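A lone chain, given as structure tokens: the form predicted alone.
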Amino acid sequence: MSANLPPGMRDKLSPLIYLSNNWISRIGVFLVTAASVFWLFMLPTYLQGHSGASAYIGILLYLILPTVFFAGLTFIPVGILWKKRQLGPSAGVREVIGLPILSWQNPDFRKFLIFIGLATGANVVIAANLSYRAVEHMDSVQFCGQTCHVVMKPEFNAYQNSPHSKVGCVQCHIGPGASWFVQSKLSGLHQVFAVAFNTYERPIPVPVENLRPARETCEGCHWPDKYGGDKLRVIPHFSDAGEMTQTVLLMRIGGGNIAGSGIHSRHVGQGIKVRYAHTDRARQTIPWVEYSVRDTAKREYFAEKTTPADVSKMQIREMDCVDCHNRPSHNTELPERATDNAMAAGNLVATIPGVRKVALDVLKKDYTSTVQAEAEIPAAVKKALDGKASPADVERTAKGVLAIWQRNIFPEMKITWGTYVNNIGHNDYPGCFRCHDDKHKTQDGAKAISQDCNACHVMLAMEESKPKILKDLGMSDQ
């Protein structure tokens, strides 16, 4: 320990110390020091694993701070290289400035090495923590939904009111494994530049073409081989007079282990493979379907005036969960259905005369901005219903109508009623009838994809004011 450093090491370290004494390296030291001090100050927040209620605090802690830290580490060697270039290739640094021979016996040099060692260790700890927290924050719901506020507001609002509101965005959009994680981050770089330079599309186009297959994400929870059984669905509807009727359906969900029984059994059951061709980006026009069982009994169905030669020029896709469940966490409604559901939930007071018509008239009006809608919608509802109910009921209804609009319409992103199609069902959009229309037939015309209602559900009541089936099941006391 008391011996001098080897001549080779001395020759390398001595110029390095001198070369680091320049304004670029000093800026680097300042940035690293400032980020480190700030990191120490915010260490309790880091250890708790959250950044508070504001997405912008998260950007500061988990994105800007690491950037400053790593920029500082980069500046230090850049400054050294710049200083060396300034001296020229032939200058001997130690000879120019008369640097002393480095020796472990020199107390100043020993302190310097100890400082370098401790600083390096501290930098490793800080860099690892910053990197981990940055990645963790970028995978959070808060980052996905609120960082790019205007762009993602429609999806984030819908997500908060969806059955998957407690499921992290990355669990569906990325899933497990390193390869898809890397792909998502590379794709995210393009999105960051699009937001920074205001070049993103309005509205955001769907479907997501590079979305990971649902069998690797959705089916981690929604196991297709599990028998789902039948499901009772009650659909409310209100007349303009405020009278409620209900349609009751027994949905034949089925499951992979029940051959030929139910929706899931016929589409994603064991050994079943469905491929289809589409002619539009939204996958709404489907002229060809191929249905096979264990890759043996294949059957092709063609829409009218479609030939095999036409299909060879089309995009072909293997059917996935998201071809039907295309808005599982980001569903929007049409105004009539949204109003009926809000009235059934009590968010709009159904007993107020003409409330449904008032709500629809207000909702269907064009508003150029969210600010305008938030000011005009409650005022318009209150004016139209003034004197028809108590002030409290009118106020609640006005708030309910505004809430419907805020969940579905986003002028800044050019999203209006029906912008995003929901393929579940067939009443609001074509949905199931994209294929199940009795017009997709085999080439010989002998077989067709059926449009039989009972194939997917059994109608137990059709817009009845007091469905007997609900009373028999104990779901109604009327």
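Predicted model, so just to flag it, every value in this text is computed and none were measured. In this text, residue numbers run from 1 along the sequence as written.
A second form of this protein, the form predicted in complex with a small molecule, is not displayed here; the remarks below concern that form.
- The candidate stretches are 392 to 400, 68 to 76, 211 to 219, 358 to 366, and the one lying within 4.5 Å of the small molecule in the predicted complex by heavy atoms is 211 to 219.
- Think of it this way: in the predicted complex, the small molecule has a heavy atom of just one of Ile80, Met251, Ala350, Ile126 within 4.5 Å, and the residue is Met251.
- Checking Ile235, Val311, Ala380, Ala373 for any heavy atom within 4.5 Å of the small molecule in the predicted complex turns up a single hit: Ile235.
- Judged against the small molecule in the predicted complex with a 4.5 angstroms heavy atom cut-off, the residues Gln171, Lys231 and Cys435 are in contact without exception.
- In the predicted complex, the small molecule sits within 4.5 Å of a heavy atom belonging to Asn423.
- In the predicted complex, no heavy atom of Thr306 sits within 4.5 Å of the small molecule.
- Looking at Asp444, you'd find every heavy atom of it more than 4.5 angstroms from the small molecule in the predicted complex.
- Interface residue remark: Gly431 is counted as part of the site for the small molecule in the predicted complex, having a heavy atom within 4.5 Å.
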